[in-house]
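Next comes just one chain, in structure tokens: the form predicted alone.
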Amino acid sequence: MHTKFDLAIIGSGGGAFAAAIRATTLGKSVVMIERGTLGGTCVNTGCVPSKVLIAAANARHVAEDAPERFPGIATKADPVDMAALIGGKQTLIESLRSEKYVDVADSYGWQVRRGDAAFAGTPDAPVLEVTKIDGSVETVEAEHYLLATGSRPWAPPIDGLDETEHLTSTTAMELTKVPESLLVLGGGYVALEQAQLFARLGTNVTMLVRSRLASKEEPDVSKALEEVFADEGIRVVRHAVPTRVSREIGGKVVVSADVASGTREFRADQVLVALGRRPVTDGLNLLAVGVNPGDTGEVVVTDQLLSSNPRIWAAGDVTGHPEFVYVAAHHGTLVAENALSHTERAVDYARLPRVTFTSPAIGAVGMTEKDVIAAGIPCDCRVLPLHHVPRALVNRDTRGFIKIVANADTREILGLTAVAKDAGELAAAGVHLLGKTIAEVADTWAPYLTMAEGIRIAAKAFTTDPSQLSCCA
């Protein structure tokens, strides 16, 4: 069977759906090809399940921690029924998948094919061969093609790792029993979220980190999180490079790692490898149609998301660009407009907010102090400890800070970083503050007893000692 469409999409995640929605509203014919579960990483194995479990772990932690933080409150945290927790998570996933993906696709009316897709033909005349579940093969031809196949957890070539059963960010969220002990390899956002999640469920957690926690963010972030994790019993071993992984006869996993003092061995019931992700491009036969992959298999694209073939585009994690579902969705819409309406829009990450859902969370937007200095821009910055923020005081949680980075000459705000409760909301507010002057932000309205008021106080800190400010001053 041979069918033709305006846009053929491989994948069914955030980028794929955004592209299909926009293309359909433009009156174009669309087919979506998915070999696995509809909805992609975010709803099935990424954002949604991880945040459900993080919220549950936080609820348990609050119950355990409340008597110390709030005099007069008596609560306790019992052991976790992990199987029930995972079951509840799965129920929510299935509900969202139905409401936000299956029903949406049906509502817009684009076609969905279940099967494996691979390119065939030539660079000048590419087509897709779709091998369906029943074994039949359909040839799909389109005016334009979108690769939105996402990424998967990646494990580096550590001696013995392939032969040792280990967890990934996907399989860790399928456990039906809370492990007594866990080694986490990595210090990025996935490692941070998973380490704290399991620690708050009752696991003894050790992190082996090559450099520092959240190494792409401000050094202040790493310092703040190390203090938080230490308070919560999470052991962080920095400058640790795993060299070998094995499992003892008794069942313990043993990780040998080079550390500052030499080679050490670490033991735990489970090891979670959270050292990054890699784009999913295997089996697509990209070279046959003139699509050039990058060093890690990503589809190399222009700032308009066009590959080296003028009819083939890419969106989301498969491009190697920032791995956020809202980036993928933005990509998808942009591709549909560029390919089908010739708008020639370009991706701009200058105001891209980024969030890590630890507790306190990490939220950031714009440039870090290091970025500003590297760009040769005269830099001025202030770090406001949360004990100067009234909302943090009444929350009885002053762990963290708000940092503003500015151009020392123009006084324009270039970046904002926060470690705080609701830091993601602070980063979202920061999107609209970039380019404004410190004085403008210091003089703006801010409701009292909100965390966002901390941004105003941090701006005032450029000219005033915050300890000399009264409430609302």
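Everything numeric in this text was worked out from a predicted model, so none of it was measured. Note that residue numbering follows the sequence shown and begins at 1.
The protein also exists as the form predicted together with a small molecule; that form is not presented, and the subsequent description refers to it.
For the candidate set V347, V280, V102, I377, a heavy atom within 4.5 Å of the small molecule in the predicted bound form is found for exactly one residue, namely V280. For the residues V237, V241, M173, V112, the 4.5 Å heavy atom test against the small molecule in the predicted bound form is passed only by M173. The three residues P126, L306 and L334 each lack any heavy atom within 4.5 Å of the small molecule in the predicted bound form. Partner proximity in the predicted bound form, defined as non-hydrogen atoms within 4.5 angstroms of the small molecule, places exactly one of 421 to 429, 40 to 48, 403 to 411, 437 to 445 at the interface: 40 to 48. In the predicted bound form, the small molecule stays beyond 4.5 Å of every heavy atom belonging to Q196.
Though the partner is left out of this view, A20 does not reach within 4.5 Å of the small molecule in the predicted bound form, counting heavy atoms only. Although the partner is absent here, V190 is a contact residue: one of its heavy atoms lies within 4.5 angstroms of the small molecule in the predicted bound form. Remark: R35 counts among the residues lining the small molecule in the predicted bound form, judged by a heavy atom distance of 4.5 Å or less.
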